[in-house]
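Here's a solo chain for you in structure tokens, the form predicted on its own.
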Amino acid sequence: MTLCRPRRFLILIGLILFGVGLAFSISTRLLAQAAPPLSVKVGFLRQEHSRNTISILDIPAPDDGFAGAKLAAIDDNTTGRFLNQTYSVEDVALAPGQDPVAALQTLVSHGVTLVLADLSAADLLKLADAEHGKDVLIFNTTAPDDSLRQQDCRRNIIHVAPSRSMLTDGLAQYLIWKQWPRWFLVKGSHPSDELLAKAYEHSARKFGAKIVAEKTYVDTGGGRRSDTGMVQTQKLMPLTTQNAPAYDILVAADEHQVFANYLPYRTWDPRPVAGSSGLVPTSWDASMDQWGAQQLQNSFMEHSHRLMNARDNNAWVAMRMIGDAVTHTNSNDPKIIHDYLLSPHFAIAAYKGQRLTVRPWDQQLRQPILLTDGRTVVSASPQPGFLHQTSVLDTLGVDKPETKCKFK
């Protein structure tokens, strides 16, 4: 029987595609066999985050943060097997009071020279100074302190987590875009709350908002959930927020989760809440599903059986940065990886609408800031109309002309 021309054509196309696929499979196997084996060992140093949260939904999971690094290692190994590269990540959860420097030195003795750090600013500086001049590169996945990117910057720290000023600038841009320039700032009594409040004050000046009133909510101690019932909170929050001048939105600066989550729907005046509750600026949210992010969310849920939070995502991004650098340089040398990440050749896709790069003047990862209400992503900054001569992402946080960073 003679085959009709369309059918013969389809068979021919099928044979060509099969041949191309076979050739690609053989070539990648030959490439993997030809390349010398390269082992990339990464450590994950993390502190215990408080379980004393207002909402039980915010209690950290046992693998908080590390789950993101573990998933990224799987992704890195998917690419690595074609290049004869293997990736592993060792989890080190510090006990309260445990010396992070000693833990790092143990990792280094295991051959680890790349470290993801979910630590406070003070502990990060201890690590950086202890390893100054040595072959160890640290990725900051949590600490938002602007001082780490400014007067206390260190050459051996890459900042994956956004700074406080990036977060506050991201929210400020949206509030200005919404034409809500009058803010009532309520801050907590902890030192980090004061730093966050200062960042909001700077963002207000930067983008033309005005803080019409400011109040401090004093933390008197006790349990977040056990000491406060709904009836008591319902009476307390209106009294806390009364007698303020006319304002458009209440901005809460409460990094310790003492009071901010009690504010929505309980303020004296019927006004929206933003900052540490209500509309929250963040690097990632479990509701993020744009720009292909659903693929990452599904993969994380499949492997970790829970939703991905900002700490998980920061660790995932850091591990993927390492994978990208190793793939392009074919090296696990921290200095080579560091130089590549700061070069114009580096850019990473992270499901946030644009490719992310590293600012060479403070080693901060450029990235959009998501604004979420806890159920959906309301917006992402930079907002339309906020322009920059080189990158609109540099409208968020400290720009090059303002930097105080002089690397040590």
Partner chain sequence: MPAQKTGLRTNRKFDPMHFASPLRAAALVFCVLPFVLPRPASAYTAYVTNEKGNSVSVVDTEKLATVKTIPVGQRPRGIALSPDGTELYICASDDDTIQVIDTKTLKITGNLESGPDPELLIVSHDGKYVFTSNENNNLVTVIDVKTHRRVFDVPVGVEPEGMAIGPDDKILVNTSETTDMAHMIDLQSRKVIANILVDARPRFAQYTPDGKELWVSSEVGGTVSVIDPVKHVIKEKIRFAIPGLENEAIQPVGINFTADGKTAFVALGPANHVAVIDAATKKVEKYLLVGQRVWHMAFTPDGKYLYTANGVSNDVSVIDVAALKVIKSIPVGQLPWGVAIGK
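Numbering follows the first chain given and starts at 1. Every value quoted in this text rests on a predicted model; they were computed, and no experiment measured them.
Below, we refer to the form predicted in complex with its partner chain, which is not included among the displayed structures.
- A residue is said to contact a partner when one of its heavy atoms sits within 4.5 Å of a partner heavy atom; Pro60 fails this definition for its partner chain in the predicted bound form, lying far away.
- Taking the partner from elsewhere, Phe82 is found to have a heavy atom lying within 4.5 Å of its partner chain in the predicted bound form.
- At the 4.5 Å threshold, heavy atoms of Gln354 reach its partner chain in the predicted bound form.
- Put simply, Val398 is far from its partner chain in the predicted bound form: not one heavy atom of it is within 4.5 Å.
- In summary, the region of this chain contacting its partner chain in the predicted bound form, judged by heavy atoms within 4.5 Å and restricted to 344 to 352, 52 to 60, 372 to 380, 37 to 45, corresponds to 344 to 352.
- Only one of the listed residues (Thr327, Thr282, Ser287, Gln105) places a non-hydrogen atom within 4.5 angstroms of its partner chain in the predicted bound form, and that residue is Thr327.
- Contact with its partner chain in the predicted bound form, judged by any heavy atom within 4.5 Å, is made by just one of Gln242, Gln179, Gln234, Gln295: Gln295.
- Using a 4.5 Å cut-off to its partner chain in the predicted bound form, each of Asp75, Arg320 and Ser391 places a heavy atom inside that distance.
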